[in-house]
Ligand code: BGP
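Next up is one chain by itself, shown in structure tokens, the form predicted on its own.
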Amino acid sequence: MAAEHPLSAKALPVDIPRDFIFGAATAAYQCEGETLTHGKGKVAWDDYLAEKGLFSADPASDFYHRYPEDLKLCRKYGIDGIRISIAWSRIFPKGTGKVNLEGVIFYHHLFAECKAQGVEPYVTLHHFDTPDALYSEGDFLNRTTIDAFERYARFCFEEYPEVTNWFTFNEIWAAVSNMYIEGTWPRGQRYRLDLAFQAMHNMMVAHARAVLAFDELGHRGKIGVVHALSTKYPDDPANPGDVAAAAAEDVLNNQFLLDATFDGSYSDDSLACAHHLAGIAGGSLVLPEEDLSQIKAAAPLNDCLGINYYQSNFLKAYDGPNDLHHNATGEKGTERYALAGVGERVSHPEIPRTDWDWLIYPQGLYDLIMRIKDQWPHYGAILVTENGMGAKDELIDGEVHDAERIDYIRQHLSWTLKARSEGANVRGYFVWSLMDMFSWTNGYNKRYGLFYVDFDTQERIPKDSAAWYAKASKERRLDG
């Protein structure tokens, strides 16, 4: 049985603390455009999208040229924090070696404009865009990429002292899932859970080495990592098979990475599950002692955790073959997710879904935050670094009336603030996304932005959700 529909239980706090960040998020490849100009090196997406012939990430939202306009919109609409990622191949076109000075200067100008507009930048080093020269050699399954990432991180920490809030990776789980389980990304493979676990471990080693470098350099800012997390519920809590399925998918999506982040080691349960699932996939997981010592050393140096939350899942026992179908078109009801050795995700009619079959379950975000608070009391601080609703927004008479998105944001903000009121150190909320952008497997028909982008003219048009968000930020209250 599914839990009670969370939208039936309002959890609206009376006031929002003044120090709570009202933010919005972007990602370089999804918004900048200029994908192969100004000295920028190639990423795997460039050839992949060209071969598919469906859509291009150029010019996307043309943030490369229009960031002053977008940052002015932030100031006008009460957005005091913005997530930005640096495009690794704009700095190091080949991932390592020669530096592209034009790219370096671009980000200096961008950060200066953030300061001028009073919008604090929260900067991510890697947002799904490993330079192709490294990606084509195995990405983070190849340990030379770990070395290259550390050099890139060190360069950025020293080059950009004006940045005081850093994240190493965005959504390690999403990257490995799309590359090695669902196979929806360039050079993707399917059902290789062994490679997924190995890549997660290797990326956490790269994260650890960047954090250790940050500490060694004496940087005055804060650093953390952004994980894509989703609460896993047994479909029937009284059914041991469903409980086991939820636990297995929790290790795969959440626990393995959170162990490494906060404990600097893997729990016995996580290791047993990881080795078992790797074996089912026909492979194995290698965890060198040097890696484990680096992860252990970095764990207490994490200042914060970013949580990207879009949905939770209900799991039931499953003993059939792998059966995955990724809904990339917005044709509701076409998503399938059943993994051998793990379980099958199920939906319930009383829980709404987006057109892309993502369950709208805001209580799951609260449950995640409280779990981290209780399980890892040394977690530092939490930021909800992405949360938002993808929809097929329509521009009607020059306006976008997105009441469903407003309700989505209101409910997730409400449950976030409920967690804060109950003692969780949650510092802010960043809606995904600032403006409409390119979407990795959906192109441009899946819109998340507070600002509608006419991709022909690049005009920005505030949606109703932008006005609502500005009001909540200014008045520090959520309406009912």
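For clarity, every value in this text was computed on a predicted model and none was experimentally measured. Counting begins at 1, following the sequence as shown.
In what follows, reference is made to the form predicted together with the ligand, a form of this protein that is not presented.
Location of the ligand contact in the predicted complex, chosen stretch of 57 to 65, 450 to 458, 433 to 441, 417 to 425 [non-hydrogen atom, 4.5 Å]
Heavy atoms within 4.5 Å of the ligand in the predicted complex occur in 433 to 441.
Run the contact test on 22, 407 and 465 with a 4.5 Å heavy atom cut-off to the ligand in the predicted complex and return yes or no.
No: no residue has a heavy atom within 4.5 Å of the partner.
So the ligand isn't shown here. In the predicted complex, which residue out of 318, 157, 376, 128 has a non-hydrogen atom within 4.5 Å of it?
Checking each option against the ligand in the predicted complex, the one that comes within 4.5 Å is 128.
Give me the residue from 139, 250, 171, 402 that has a heavy atom within 4.5 Å of the ligand in the predicted complex.
Exactly one residue meets the criterion: 171.
How about residue 411 - does it come within 4.5 Å of the ligand in the predicted complex, if we only consider non-hydrogen atoms?
Contact check for residue 411: no, nothing within 4.5 Å of the ligand in the predicted complex.
Tell me, yes or no, whether residue 337 is in contact with the ligand in the predicted complex, where a contact means a heavy atom of each within 4.5 Å.
Outside the cut-off, so no.
Tell me, yes or no, whether residue 30 is in contact with the ligand in the predicted complex, where a contact means a heavy atom of each within 4.5 Å.
Yes.
Is the gap between residue 255 and the ligand in the predicted complex 4.5 Å or less for some heavy atom pair?
Taking the distances in the predicted complex, the answer for residue 255 is no, it never comes within 4.5 Å of the ligand.
Who in 301 to 318 is close to the ligand in the predicted complex, meaning a heavy atom within 4.5 Å?
The stretch touches the partner through 308, 310.
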